[in-house]
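Starting off, we have a lone chain in the form predicted on its own, written out as structure tokens.
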């Protein structure tokens, strides 16, 4: 993971005269009469004789969101190029700034040093977007190509103190780095990231952050009765694990449990998936990656909370030892589940971990996974579905929208519960209907949540992995969703209980 070094500068005028940057980033917006310069660009425009907006209009720039146009400075600035990036409509939101900064971060590839003025509009969003947009995963390339921008000078906003700006820079950088840590895990190929190696990585990160960690192997899982994790992972030669991490912050008043699905590769098992796009199933551990990154972030930022995180890790493979459609699994805690589809495996490993997490007596439970293809049918590839107890679900969804990860609250209709009835066991792992698949999965998970525990599940089946073209601060591959949502929810609980 390569992260740009960020240096805070008090104002644009002071840094322009002595900058060693190769490029200066300014924002543009779609004004009533065409392109206009965003706040923060004034000193750059003055150095160019007040002609920057006219030059950009002549080049056809409009200020639309994520539009990138490069203008040579012709020696009028120490930097050789002005990179104008579109924010879209005037009075841009934090997410508009974040996406524009991401587009500039991608465009600065191959640049050693840059100066951004987008931070004058919104410091946190500019920092997050720049770091996230500059990300690339090249660990397996023999020729990585041009390196991401290595240093970015960040101009301070006019409002606020230097101390506040430094604190914002530190927090925004930590949040972005945690998203990148999750992306790295998701992008690691499954021959190198399997339950055992994932647990090893979790241990290394935990030790670096001062977290306590416990790892249960297949023998311990069997002894303690984790039937869901063992059933899903039984078909692989690489046996499952359950990782428990714990953090206790200063003056902790609330306890939060985090659970993230960690299917390091999902073939569907005996209910085999189609071959097309099965390679995307390297991302089926995105929930575990996000939870691991989030608890490490909480330790870095010293959230005043007590947090436990559970990562149920398994590889869902077809073999002579695989679990089958028709099997009945006894889950951790004693409930029984009839397996009707081995490709509905995430809810099985999550159920074990949810019951175990409740034994820690948390005040809140947040869990996340690439749970259902139905999430993409309902909400598309960029909008997570948020299910759970009504009040906490709505709180998480609202916070997700504020972070730019755009979670959307979804119901758990009672009439769907009957479709999970089983003729053999306490419940089945799927319904017999194609309708409401995401909601049925949420109802299944609810069966394992302790009574009266405020709970939210974030289904990131589509948002966790971008198989299309880069956009904003999101490149191809793992996205790191929903690290920023979990971090913001934890911060909200720390502040408001």
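This structure is a prediction, so every number in the text was calculated from the model and none was measured. Positions refer to the first chain, counted from 1.
FYI, the form predicted in complex with a small molecule isn't displayed, but the following is about it.
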task: Quick one: from 117, 178, 370, 96, grab the residue that has a heavy atom within 4.5 Å of the small molecule in the predicted bound form.
output: 370
- prompt: Which one, 356, 347, 241, 106, lies within 4.5 Å of the small molecule in the predicted bound form by heavy atoms?
  reply: 347
- line: In contact with the small molecule in the predicted bound form (heavy atoms, 4.5 Å), from 145 to 153, 241 to 249, 373 to 381, 409 to 417, is stretch 373 to 381
message: Can you work out whether residue 341 and the small molecule are in contact in the predicted bound form, taking contact to mean some heavy atom pair no more than 4.5 Å apart?
response: yes
task: Verify the contact flag for residue 461: yes if a non-hydrogen atom of it lies within 4.5 Å of a non-hydrogen atom of the small molecule in the predicted bound form, no if not.
output: yes
query: Any chance residue 280 has a heavy atom within 4.5 Å of the small molecule in the predicted bound form?
result: yes
query: Can residue 324 be called a contact residue for the small molecule in the predicted bound form at 4.5 Å between heavy atoms?
result: no
